[in-house]
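Here we start with a single chain on its own, the form predicted alone, put down as structure tokens.
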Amino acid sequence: MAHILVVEDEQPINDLITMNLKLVGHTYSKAYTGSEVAGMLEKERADLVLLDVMLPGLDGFGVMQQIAPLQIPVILITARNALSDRIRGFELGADDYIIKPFEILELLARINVVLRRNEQAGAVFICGEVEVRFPERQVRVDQLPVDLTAREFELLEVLIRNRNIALSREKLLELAWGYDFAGDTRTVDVHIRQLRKKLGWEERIKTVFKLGYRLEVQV
């Protein structure tokens, strides 16, 4: 997974973001002011920067100008939703722009997209005897190939990208099937049973309060 620098001056938001980054397997560093970012990145390379715009002293736009030569992907996180601000952020090189308040799952999804785009997300996931290769959409158990349907693989990827986070059936459908899925939410149960059986993950994919599921992975 990736190492992510979180630059956010509001400690509760900074803590919430980094807690969830850790849950899904990323490592992180924290900064609370814009002036400390360049120095931190000189000492420790980051795969991605989550950058608040409204920072004390040097704001997020100023930080982006400072770190532009490093060519590190940046997602701007801000309460400023004016079109002019978004345009300025993208013109300065931001890879994405997310408005506060936001759902943490949306932020994690956007992080995954940016990391994949910049080839920093980790193309391979290994857990015990299970190996998942995302670019090739291949799964192996004990080095033997496992045949998954397209839907099963998409559901597996969502569980892995959001591991250790409880996801409702509706959220799994939204993330794996898309917003336009109009079927029965119980179809998730069928695919979960197949994944458990094919991967030997009967104890790893947990049912949460009979409402959804969580993939448990030690971090």
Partner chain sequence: MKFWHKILLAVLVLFIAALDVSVVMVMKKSWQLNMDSESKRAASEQLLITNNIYENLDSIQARGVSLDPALLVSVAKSYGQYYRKQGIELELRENGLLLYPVQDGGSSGQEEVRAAQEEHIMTLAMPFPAPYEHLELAYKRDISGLYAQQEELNRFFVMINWIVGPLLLVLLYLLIRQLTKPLKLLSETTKTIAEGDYSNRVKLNSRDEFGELAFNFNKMAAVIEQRMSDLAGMAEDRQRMVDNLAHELRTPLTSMQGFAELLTSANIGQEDQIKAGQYILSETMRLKNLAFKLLDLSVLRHQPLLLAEVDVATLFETAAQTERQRITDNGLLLHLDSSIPAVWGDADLLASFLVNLIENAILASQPGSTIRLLAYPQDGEGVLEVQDSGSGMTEEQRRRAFEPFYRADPSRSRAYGNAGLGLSLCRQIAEAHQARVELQSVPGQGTSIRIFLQLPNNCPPTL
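Positions refer to the first chain, counted from 1. This one's a predicted model, so the numbers in the text were calculated from it and none came from an experiment.
This protein has a second form, the form predicted together with the partner chain, left out of what is shown; the following refers to that one.
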Practice task
Find out whether any non-hydrogen atom of residue 11 is located within 4.5 angstroms of the partner chain in the predicted bound form, and reply yes or no.
Solution key: yes
Practice task
Considering only heavy atoms, tell me if residue 16 and the partner chain come within 4.5 Å of each other in the predicted bound form.
Solution key: yes
Exercise for the section: Classify residue 164 as contacting or not contacting the partner chain in the predicted bound form by the rule of any non-hydrogen atom within 4.5 angstroms, answering yes or no. Expected result: yes
Practice task
Would you please decide whether residue 56 lies within 4.5 angstroms of the partner chain in the predicted bound form, comparing each non-hydrogen atom pair?
Solution key: yes
Exercise for the section: Specify the contacting stretch among 127-135, 79-87, 109-117, 141-149, defined as having any heavy atom within 4.5 Å of the partner chain in the predicted bound form. Expected result: 79-87
Practice task
Between 17-35 and the partner chain in the predicted bound form, list the residues on our side with a heavy atom within 4.5 Å.
Solution key: 19, 20, 22, 23
